[in-house]
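Presented below, as structure tokens, is a lone chain in the form predicted alone.
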């Protein structure tokens, strides 16, 4: 509300499904979008757990005007990250991430690995755990640091070009929107 009162043009609303830095009090994108839309009338960009047209349609149904897809584009063909990172995302399951450092801040969501399993069990993470992050991203050492990624990793089954991701997402969004619109017009489901 402080941002809206200050005159911002819009808000990025990211739920706990998203990768990277999080609030330790986890609230999903589904709930967060509804809660924020009920209080504000500024454009909302939905993030967290979205990697395709289905997620885009759901976000728009909840009041978003745009989406942000972090993990999906980390794993795209043009992404500068190492292929090991992209392949770890593609081979991940829906349960393939951990919320780490939940007993402190900042809390992060990262892919499951031997390293993140230990951090998860401890509940506390040292900033030293992040020192090797460049080795994860650019050298493909998936144990050098937590590999930041969202739960949508479990929905991503291939490395695609950015162009294909955008075109596929938009086409699927319009297909779903048309189907939902027809149901609304006929008042049936």
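Keep in mind it's a predicted model, so treat the numbers as computed, not measured. Positions refer to the first chain, counted from 1.
Omitted from view is the form predicted together with a small molecule, to which the following refers.
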- [ ] Within 4.5 Å of the small molecule in the predicted complex, counting heavy atoms only, one of 57 to 65, 159 to 167, 118 to 126, 44 to 52 shows up; tell me which.
- [x] 44 to 52
Open item on the list: Please tell me whether any heavy atom belonging to residue 74 falls inside 4.5 Å of a heavy atom of the small molecule, as the geometry stands in the predicted complex.
Closed with: yes
TODO: State yes or no: in the predicted complex, is some non-hydrogen atom of residue 70 no more than 4.5 angstroms from a non-hydrogen atom of the small molecule?
DONE: yes
- [ ] Tell me, yes or no, whether residue 33 is in contact with the small molecule in the predicted complex, where a contact means a heavy atom of each within 4.5 Å.
- [x] no
